[in-house]
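A single chain, nothing else alongside it, follows as structure tokens in the form predicted on its own.
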Amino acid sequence: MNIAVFGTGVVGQVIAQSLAEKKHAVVIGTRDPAASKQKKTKDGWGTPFGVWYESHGDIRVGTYEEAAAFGEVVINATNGGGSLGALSLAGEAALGDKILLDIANPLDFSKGAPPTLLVCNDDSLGEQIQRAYPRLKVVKTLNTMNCELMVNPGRLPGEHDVFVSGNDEAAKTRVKSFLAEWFGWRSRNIIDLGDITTARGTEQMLPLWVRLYGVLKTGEFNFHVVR
């Protein structure tokens, strides 16, 4: 499958690499492809994109618009505060009525760490994206864990869960199959929360996730609903 991954940070890198290893054709979307390829200095978590890209020649890089036009499915792995801007650069014509997996979180680091949320309570980033692009089939998922667990849930022993939110039932069914086929999530651990407004709940899990990270000193954990 042709897949667009928006975002050159560690999440986008891990997602893109995992999909490419499964023989999907991947284009990473970014604001300035040439500048992204030249980034060699570490300025955040993970490997600088330019260094990472040199060892991943099977993955292409393009503008957001080029990536969106290429992808049958789009994955939003941008910084949550920049997600709407990235989508605006992609443009409605290229995005069309595709499925968009929104795995971003609206984290606000403007006052330092731990971050707060840019949007919460009566709205969510997932809803903002859906309102801005009503033709898109936005499905919020994978945003409640670190990126290594997103693509390899077997890293953790025992049961743990991934959540799905979205308005389009057929799109959610496809995304559930993607989670299983691409990344190995078991159907019993995929919990459909309902429409896109339920993304408020999963996004608001992030302040707890951040606090747990601070206590546990690792991102190798996840949530499980005991029933």
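Please read these numbers as outputs of a predicted model, since none were measured by experiment. A residue's number is simply how far along the shown sequence it sits, counting from 1.
Missing here is the form predicted in complex with a further copy of the same chain; even so, the following discussion is about that form.
Per the 4.5 Å heavy atom criterion, a further copy of the same chain in the predicted bound form is contacted by stretch 193-201, the sole one of 193-201, 59-67, 24-32, 175-183. a further copy of the same chain is not shown here, and in the predicted bound form it never comes within 4.5 Å of any heavy atom of residue 110. In the predicted bound form, at least one heavy atom of residue 156 sits within 4.5 Å of a heavy atom of a further copy of the same chain. Heavy atoms of residue 207 reach within 4.5 Å of a further copy of the same chain in the predicted bound form, making it an interface residue. In the predicted bound form, a further copy of the same chain sits within 4.5 Å of a heavy atom belonging to residue 116. Within 4.5 Å of a further copy of the same chain in the predicted bound form, a heavy atom is found for all three of 121, 223 and 227.
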